[in-house]
Each structure stands twice: as C-alpha cells, then as structure tokens.
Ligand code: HEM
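First comes one chain, alone, set out as structure tokens in the form predicted on its own.
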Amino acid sequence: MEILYNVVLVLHFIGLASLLGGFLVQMASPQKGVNPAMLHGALTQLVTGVILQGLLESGAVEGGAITWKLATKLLITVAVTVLAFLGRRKTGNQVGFWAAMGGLTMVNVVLAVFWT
C-alpha cells in the first residue's frame, strides 16, 4: 500500500505543478484567465487529495492524518475547482478567477508545508 500512496502523492504533486504552472505562466501576459492546465490541475489535486486522505484514514499506510488541516485544505481545493469550472465557462475578463485560484493555491501550499 505504501507504493500506491507514493504513486498517488506523485500525481498530487503533478496536479499542483499543472495548477500553479498554469497560473504563473500568465503572470506577464496581459490576458489572464483560467487555462485548461489550471482546470485539470485543480481536478487532479481534488481527486488525489481525497484518495490520499482515504488511504491515511483507512490505516493502509502508516502516519496520522491531521483532520482539521486536511479539511481546511479540502475546502480550499473545492473552492479552487469550482472557480476553475466557472472561469472556463466565462467568456471575457477572467482576471478575478485567475487571481483567486492562484492565491488560494498558494495558501494551500503554505498550509501543507507549515501547518503541522
């Protein structure tokens, strides 16, 4: 089960790279919006995060889950995913969606690293 956990964790990081990369690549661009990389990254983060939490809670892998931390991160990830869907459907100015997704993603990274 440890190998499965690690594979899902790698996929989780790939989702983060896609989401954050899609945000950062547009920093210098005059037209900012939610691109497919951001949407797919958000979905990957959400799905793999739930799987990781399930593996931790089931006891399939060693290590304790910090319930409040993961619940907070889940809420932020759901918000980012909803923003990604709304941003992809909206035509025209998407700077608000883009900025909110980037900011919330950075908050999630900080929580993952510093909240123990």
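Numbering starts at 1 and follows the sequence shown. Values in this document were obtained by computation on a predicted structure and should not be read as measured data.
The next section is about a form of this same protein that is not shown, the form predicted together with the named molecule.
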Non-hydrogen atom contact A79 with the named molecule in the predicted complex at 4.5 angstroms: no
The named molecule contact in the predicted complex: L9, any heavy atom under 4.5 Å: yes
Heavy atom of L39 within 4.5 Å of the named molecule in the predicted complex: no
T105: touches the named molecule in the predicted complex, heavy atom cutoff 4.5 angstroms: yes
Triple contact flag L19, L52 and V109 to the named molecule in the predicted complex, non-hydrogen atom at 4.5 angstroms: yes
Residues within stretch 62-91 having a non-hydrogen atom within 4.5 Å of the named molecule in the predicted complex: K69, L70, K73, L74, T77
